[in-house]
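Next up: just one chain, as structure tokens, the form predicted alone.
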Amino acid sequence: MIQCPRGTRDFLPDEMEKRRCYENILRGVAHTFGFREIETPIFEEAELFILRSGPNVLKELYNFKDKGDRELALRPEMTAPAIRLFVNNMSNEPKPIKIFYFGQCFRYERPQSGRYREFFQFGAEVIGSATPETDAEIIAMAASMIKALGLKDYKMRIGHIGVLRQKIADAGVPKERTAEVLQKLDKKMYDEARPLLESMDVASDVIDDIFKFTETVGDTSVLEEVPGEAGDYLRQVVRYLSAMGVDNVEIDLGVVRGLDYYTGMVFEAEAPALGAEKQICGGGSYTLSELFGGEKVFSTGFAVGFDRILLAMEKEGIVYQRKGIDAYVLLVTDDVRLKAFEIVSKLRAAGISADADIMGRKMAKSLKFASTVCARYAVIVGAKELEEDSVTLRDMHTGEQKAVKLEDLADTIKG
């Protein structure tokens, strides 16, 4: 039997209903913040990701040559495609541009709980300015999405990668090797980062200072450790967040992010229910457009790991209630079959989700099947009732039933 490839999944109808419901909750929040949806191709020119995605992503890239010998890649993330779309199609539009997207991404990594080779990402970008208000807006929207999904135990951690980049540069790390060092610090792999930095002639006390900086975590008082403009900037971001009702934030100067294009404020949201691998959302400020042939434009964005946040919700005990259909039409005797399908067709035309027996079941088994598909009502069609232009409407939750005129059936079900 042929199985789906390792690291991918099939989604059955119940799971798809749940996923679509939660996707649309995220879309709804994005719309309330004034964002509009875009969609980009699942594969792009490989150069789009090779230019500035960082070593972590590049070694996991699904890249290939097509029949025209063009080097292509399945997208490993969606910020670079979104900015490529901006450069190609939207660069002359009034700023700021607020866009969001949802789709599959692909990385060749070891599958584990909540992490797959084909995974789903919901993200958003504000393109056009680098201000504390912009960064606060993005963080506030991420927090609103997490709340809207019902997740209760989560934490927002905010940092500034520009300060860490400067520390690494001051230590004498060559610019082309910065991403390699940040990758180790991102994972808190200090025992691997130390020999790497030593190989670049970074002094031991300087390495200790860098490690100590990445472990600096706390409330806003921690910002005293952030020198100059970066500290003032983060304080403004926190004040705007407080004005927007987002107070459960933590300053963490070790937030690095796994992508190489972040330059300023960075943040992550984590759900402790997931254990060690608890990140569910992350983002920050960056510039990418100039790499793709456009003018330099500051942007701030984030992405929600959709599979990760669903797993966190499951671990918190959040249970999705299947919606089912509004009405299941069944017949008492076979001689009313045509009339039954006429009735189900009229219900559908009225915007009511309805189905009818197509298996030739007896009424008792049809009622059982109506329960299986979570029908709210069973519409029982019998010859005797039809003589009076009526059917029997059965509430599948209470078991109560009553005669309803055909002309009133749709309104009764909607009511």
Ligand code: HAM
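Throughout, we count residues from 1 along the sequence that is shown. Nothing here was measured: the structure is a model prediction, and the numbers come from that model.
The same protein also has a form predicted in complex with this ligand, omitted here; what follows describes it.
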* Candidate stretches 240-248, 201-209, 92-100, 77-85, one within 4.5 Å of this ligand in the predicted bound form by heavy atom -> 77-85
* Which pick from 279, 289, 183, 131 sits with a heavy atom within 4.5 Å of this ligand in the predicted bound form? -> 279
* Asked: Which of these residues, 337, 188, 315, 115, gets a heavy atom within 4.5 Å of this ligand in the predicted bound form?
  -> 115
* in the predicted bound form, do 162, 178 and 264 all put a heavy atom within 4.5 Å of this ligand? -> no
* Partner contact for residue 215 in the predicted bound form: this ligand, 4.5 angstroms, heavy atom -> no
* Asked: Going by a heavy atom distance of 4.5 Å, is residue 302 a contact of this ligand in the predicted bound form?
  -> yes
* Hey, in the predicted bound form, is residue 109 touching this ligand, heavy atoms inside 4.5 Å? -> yes
* Is residue 298 a contact residue for this ligand in the predicted bound form, using a 4.5 Å heavy atom cut-off? -> no
* To do: Taking this ligand as it sits in the predicted bound form, which residues of 115-133 have a non-hydrogen atom within 4.5 Å of it? Please list them.
  => 115, 116, 119, 121, 124, 125
